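A single chain comes next, written as structure tokens; it is the form predicted on its own.
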Amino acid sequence: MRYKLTLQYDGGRYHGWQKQPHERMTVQAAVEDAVSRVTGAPTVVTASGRTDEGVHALGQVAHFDSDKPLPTVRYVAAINHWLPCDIRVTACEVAPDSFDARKSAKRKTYAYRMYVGETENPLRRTRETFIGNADVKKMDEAARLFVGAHDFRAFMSSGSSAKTTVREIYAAGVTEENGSVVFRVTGNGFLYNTVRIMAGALIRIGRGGKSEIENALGSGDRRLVPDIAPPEGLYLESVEYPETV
């Protein structure tokens, strides 16, 4: 039987989601260890996508297969019992055998959280990025340039294995929320480091720099958008699937 998990985690002390041969401190390794203890057998847990080192999740989705007949609510409690306190399963559902957390995903929403001010707040440094006295309105106007289908090769770090660099962005904007500045973007997929490069370009604009977003999208020139915002401000907020799934 296939199960769908929704997870939250603080990525601050992990080397990203994906397991690595010589590194045990990954989110996937911790989740698979917990799930395997509950199922009683080695169990692979597949996520909707990788999150990088230091990146957080509010709505990561993953799946695993098990023949252990536990009610889903029991799976939630049992897996959380074995998880470290900075990772939590928030929901478990029975899914069709055809469901694949990665391949079935249709839309993802990321949020990049920042804050303005005269000085950096040390209590916020692992959750948000300090951007000084940035112009939030200019950042919001610039963020809307991402909406639509574009070639995002200028907004991609080297090392990507993507077959195509064209992605569609359904919504993008910058808002002020409870003392934070939040860049939120929804798309059908994202390339390696795309959201952090987007955020870096917006921070530069908010601080008075020239907007090169349109030129970068048109030319594919990575040099026009050289900044990569720090990982601690990035959150995977949600993953959406077809209603049939």
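All residue numbers are counted from 1 along the displayed sequence. Everything numeric in this text was worked out from a predicted model, so none of it was measured.
Another form, the form predicted together with another copy of the chain, is not on view; read the next lines as being about it.
In the predicted complex, the residue from Ser98, Thr126, Thr164, Thr175 that sits within 4.5 Å of another copy of the chain by heavy atoms: So the residue touching another copy of the chain in the predicted complex, by this definition, is Thr126.
Of Ser157, Thr72, Thr90, Asn133, the one that lies within 4.5 Å of another copy of the chain in the predicted complex (heavy atoms): It is Thr90 that has a heavy atom within 4.5 Å of the partner.
Another copy of the chain in the predicted complex: contacting segment from 207-215, 26-34, 51-59, 183-191, heavy atom within 4.5 Å: Stretch with heavy atoms near the partner: 51-59.
All of Gln8, Asp86 and Glu120 within 4.5 Å of another copy of the chain in the predicted complex, heavy atom check: Checking in the predicted complex: Gln8, Asp86 and Glu120 are all within 4.5 Å of another copy of the chain.
4.5 angstroms heavy atom contact with another copy of the chain in the predicted complex for Tyr235: Looking in the predicted complex, residue contacts with another copy of the chain include Tyr235, since a heavy atom lies within 4.5 Å.
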